[in-house]
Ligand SMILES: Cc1ncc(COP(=O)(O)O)c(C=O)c1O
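Shown below, as structure tokens, is a lone chain in the form predicted on its own; questions about how it binds or moves come after it.
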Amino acid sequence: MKGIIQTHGGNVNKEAQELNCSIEHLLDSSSSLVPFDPPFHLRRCLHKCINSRTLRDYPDREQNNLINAISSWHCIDPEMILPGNGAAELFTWAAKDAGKKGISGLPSPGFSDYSRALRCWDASYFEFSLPLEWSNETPQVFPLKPNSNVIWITNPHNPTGQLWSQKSIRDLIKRYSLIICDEAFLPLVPNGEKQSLIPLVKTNPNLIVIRSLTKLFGIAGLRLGYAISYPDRIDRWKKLRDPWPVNGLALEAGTILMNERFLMQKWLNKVHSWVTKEGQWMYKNLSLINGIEPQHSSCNFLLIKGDNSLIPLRNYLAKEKILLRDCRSFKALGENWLRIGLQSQKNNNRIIKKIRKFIS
């Protein structure tokens, strides 16, 4: 097996074809989604939608119900909110604005979709290197100030899992013409909301914050995210984009999730408890394995660094129907690195046992 260099999370269909098995038999720890079934009230909502006019009718072009639900949750004006077909669509529109402002600075290692979005508009960018060693302190100070017009920041950072302090990013706002902050994983971080830039958008027209609901609820197939920025920017994006960027099921799902305040908080508590418990357990057990060095993470994934190439380990685990993230697609990393998305206690234990078996 040659192994697939993944550019964006769990390419389970391609992996299943190469392994000649069904995707149901794969434990996908290469993507970073919660391991729980979606909440019951969400599944009930989607079932109801399938048996209603939601599938027959065109989606609401104004997206008012979802926008109002997001507005209420974050206590921010509806005019500053734009739902999208996952965070990826919103990165594309952010990149259009970035290109007009000048050169973008992209953190490396980092999410490859930022450069993809910038290339859509022939926008200029360069990559600045983040340190590959960090402490267990959280939150951390954003370490660099690249000489660019625009800066893209991921908080918490993907793939390192570092949580940046709001203060350290706030101190950068006056320095750049535009700051684009990807907070897709922030809702999964215990106490992570304290570091969000969303409260700063009201007074900073040069700030864009992009969120995702798919990772928090394990609904990546629905494709649902949202951007928060100044009303003028949001209105301009609305006029440029496709007429129905968010499908009807995703609109209904997002609305019920953001409107059910008590159930939302209950789900967040469950996720945060899982991230804390399983993250600490995984780090401790990986630390006991010779030749592997786990890195501290605030989120539901962590990096491991090997003394030698970890591609043989990844390929061995794939044959055992366990997928880890191949980090060769992250510039500045390479074959000595793998990323592990946290799973249930049972499956995390399975991953550790298989790694020990390979190493021994």
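A quick note: this is a predicted structure, and the numbers were derived from the prediction, not measured. Throughout, we count residues from 1 along the sequence that is shown.
What comes next is about the form predicted together with this ligand, which does not appear here.
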Study note, to complete from the structure: Which of 234-242, 81-89, 279-287, 173-181 lies within 4.5 Å of this ligand in the model of the complex, heavy atoms considered? The stretch 81-89
Exercise for review: Using heavy atoms only and a 4.5 Å cut-off, determine which of 229, 160, 154, 104 is in contact with this ligand in the model of the complex.
Suggested key: 154
Review point. Exactly one of 134, 114, 274, 164 has a non-hydrogen atom within 4.5 Å of this ligand in the model of the complex; which residue is it?
Key: 114
Point to revise | residue 93, heavy atom within 4.5 angstroms of this ligand in the model of the complex | key: no
Review point. Does this ligand get within 4.5 angstroms of any non-hydrogen atom of residue 74 in the model of the complex?
Key: no
Review point. Would residue 118 sit within 4.5 Å of this ligand in the model of the complex, counting heavy atoms only?
Key: no
Practice item. Determine whether any heavy atom of residue 201 comes within 4.5 Å of a heavy atom of this ligand in the model of the complex, and answer yes or no. Key: no
Review point. Of 198-234, which residues get within 4.5 Å of this ligand in the model of the complex if you count heavy atoms?
Key: 212, 214, 215, 223, 224
